[in-house]
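A single chain comes next, written as structure tokens; it is the form predicted on its own.
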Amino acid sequence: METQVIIPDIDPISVPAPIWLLKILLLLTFTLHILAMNVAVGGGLIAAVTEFLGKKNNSQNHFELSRSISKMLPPFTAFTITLGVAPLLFLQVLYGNFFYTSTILIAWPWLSIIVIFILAYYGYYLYSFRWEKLEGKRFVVVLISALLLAVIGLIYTQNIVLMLTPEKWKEIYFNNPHGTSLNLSDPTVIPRYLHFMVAALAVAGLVVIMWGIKKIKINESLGKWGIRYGILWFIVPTLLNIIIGLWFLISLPKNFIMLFMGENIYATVYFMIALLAMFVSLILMFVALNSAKPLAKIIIGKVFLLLTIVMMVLMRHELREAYLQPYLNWDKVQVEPQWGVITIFIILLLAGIVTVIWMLKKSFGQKSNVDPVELS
């Protein structure tokens, strides 16, 4: 006997824009959010490893880099949470009857995100503003903060996967109606989660590369070291993520695997472009590793990495639509466009992006006055 799947009714309130536009805005804002998250989480983990290596080898290069990363972490954490609001809202508008149900089933882990985030954010601020005074404690402070943010990512992943599998809701609820359930038994949760987290290290590695490029103007040896160090942080996680990505793919039910093997033209094209872009970026970074003039190769590699991330976001969307296709009927959704509100949102979004870019240039585009010798 098949288990009956009960899906809550669609919200009777009309959506304020055409479905296609809301999906575009969801994908756009999620991409911006994920880029900021990569720096916040990946940067924190890189800072922790860099602190450890700096102390172990008494390396002033490592200390100079960790100090610079410490200044980046609080603002990028703020960008992560701010840029995460919009995609979360669009997700609720489009898939609210699924998302709210899964959230209720893991209510207490979901609510714990607030406390976990505050602790992680405070740790990053402590690491940034007390960098010198913390001395030997820096490694522990930044590592704990980065791991706390990583825990939030795991909770989000569990929720999103549970949202996509309403056939599990009934069993989960009757086994534990207290909102303390987790969704770790799903075979796709861990590889999906690791796919995001390891990618964060690669993207944060690009930030280290750009730091090295800027440092060359002041300290050539430090800059070249930073470029090589950042390239390694890009290459190693990217190679590892190929294995994790394959694990994620084969963990999916067979009918969803076939979406990327020709059954869905969009998913297949996104998949092929993502693979091609990833390998091109890897090759360029390998060449740049031993190049006398790596800048052009690094810039092109960054472009292909961004293309890879965009394709991954689109693949994720196609997978979500396939999961929910048996339960979704967009024809039943009432649409009453509020073009004034949507126009204001798009204008403010563009203004916000420009403002963030300006802030980053002001904050991290200045030449450093810190001599690495002073950090000894």
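Predicted, not measured: the structure shown is a model, and the values here were computed from it. We number the residues from 1 along the sequence you see.
The form predicted together with a small molecule is left out here; the points below concern that form.
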Legend entry - Contact test in the model of the complex: residue 211 vs the small molecule, heavy atoms, 4.5 Å: no
Legend entry - Contact of residue 199 with the small molecule in the model of the complex (heavy atom, 4.5 Å): no
Inset, instruction - Verify the contact flag for residue 183: yes if a non-hydrogen atom of it lies within 4.5 Å of a non-hydrogen atom of the small molecule in the model of the complex, no if not. - result: no
Inset, instruction - Report whether the minimum heavy atom distance between residue 85 and the small molecule in the model of the complex is within 4.5 Å. - result: yes
Inset, instruction - From the candidate stretches 29-37, 53-61, 327-335, 346-354, select the single one in contact with the small molecule in the model of the complex, where contact means a heavy atom within 4.5 Å. - result: 29-37
Inset, instruction - Report the residue, out of 153, 223, 187, 74, that has at least one non-hydrogen atom within 4.5 angstroms of the small molecule in the model of the complex. - result: 153
Inset, instruction - Find the only residue in 277, 267, 206, 91 having a heavy atom within 4.5 Å of the small molecule in the model of the complex. - result: 91
Legend entry - Contact test, all of 70, 122 and 141, partner the small molecule in the model of the complex, heavy atom 4.5 Å: no
